[in-house]
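Encoded as structure tokens, the following chain is the form predicted on its own, with no partner shown.
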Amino acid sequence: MLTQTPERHARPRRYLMCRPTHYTVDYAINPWMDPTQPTDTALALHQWEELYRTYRRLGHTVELIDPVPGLPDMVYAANGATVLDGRALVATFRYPERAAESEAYQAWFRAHGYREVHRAGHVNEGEGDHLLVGGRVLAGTGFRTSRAAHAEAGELFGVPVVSLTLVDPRFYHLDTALTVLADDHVMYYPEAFDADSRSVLRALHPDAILADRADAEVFGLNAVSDGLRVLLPTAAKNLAGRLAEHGYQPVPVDVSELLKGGGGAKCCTLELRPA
């Protein structure tokens, strides 16, 4: 328990989301996906709509990109790009099953007046592996985004990039193992990272909230914070308590059907950071 709970402040955000109109699991590109198990598209839509309405109720702006038939993972909009200072670095996906998403996201950014829209030259899965915190980008590698993509992002956005290596295939994107809570505050699951990355995180964020295995395994770290309110899975009960101790307001959301595809609240949410 903290001796003094910090005062937290919400900041209105602008997000991009994609309805799971075509959601299903008919291939497996991460350990959460099992095509032999049934999926419920109607339930996924219901859970997504609740997440969408929650953002709007909290005062955030949500833009929508049209879902494309045959691209069931487009719902995980965070993977589509990284957006900073009005520039969009559009993803280049590792797996062919998702490759066509890049065209859809690139077209959306161009149609919506972004002054710079770049397609990544290296394998890069967007904000899934690039998280802005404290004036720097924490960048994940090990399963999806290549290390070369980190330098590409740093050059485009003009900010320092810190590479972190993921070692547990269940946490294949950085945003499944680490949450940005405030301008310079994070929570993460240490066992998802290699020893060097854990040392880096301890040095950069000595006051971080550390998640345990149980909360990590229900995707508790695939969460979205506006600086005060933190949307996280209903099953991450211990983590919700830890957040409250640190002055945050946990907002539980049920995204259990979307977890079958390997995503949660954060995977469904790409932050659009204006210039």
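None of the values given here were measured: they were computed from a predicted structure. Numbers follow the displayed sequence, beginning with 1.
Just so it is clear, the following notes concern the form predicted together with a small molecule, a form of the same protein that is not shown.
For the small molecule, considered in the predicted bound form: do all three of D73, Y76 and T176 come within 4.5 Å of it, counting heavy atoms only? Answer is yes for this spot.
Which one of W108, Y172, Y114, F193 is close to the small molecule in the predicted bound form, taking close to mean a heavy atom within 4.5 Å? Looking at the other structure, the residue within range turns out to be Y172.
Looking at T41, N238, Q249, N30, which has any heavy atom no more than 4.5 Å from the small molecule in the predicted bound form? The option sitting close enough to the partner is N30.
Among 206-214, 53-61, 22-30, 228-236, the region lying within 4.5 Å of the small molecule in the predicted bound form by heavy atom distance: Stretch with heavy atoms near the partner: 22-30.
Spell out, yes or no, whether the shortest heavy atom distance between H130 and the small molecule in the predicted bound form is within 4.5 Å. Outside the cut-off, so no.
Is C18 near the small molecule? Define near as a heavy atom within 4.5 Å, in the predicted bound form. Heavy-atom contact with the small molecule at 4.5 Å: absent for C18.
Taking heavy atoms and a 4.5 Å cut-off, does R98 contact the small molecule in the predicted bound form? Result yes; R98 sits at the interface with the small molecule in the predicted bound form.
Hey, in the predicted bound form, is V255 touching the small molecule, heavy atoms inside 4.5 Å? Close contact is absent here: in the predicted bound form, V255 is far from the small molecule, nothing within 4.5 Å, heavy atoms only.
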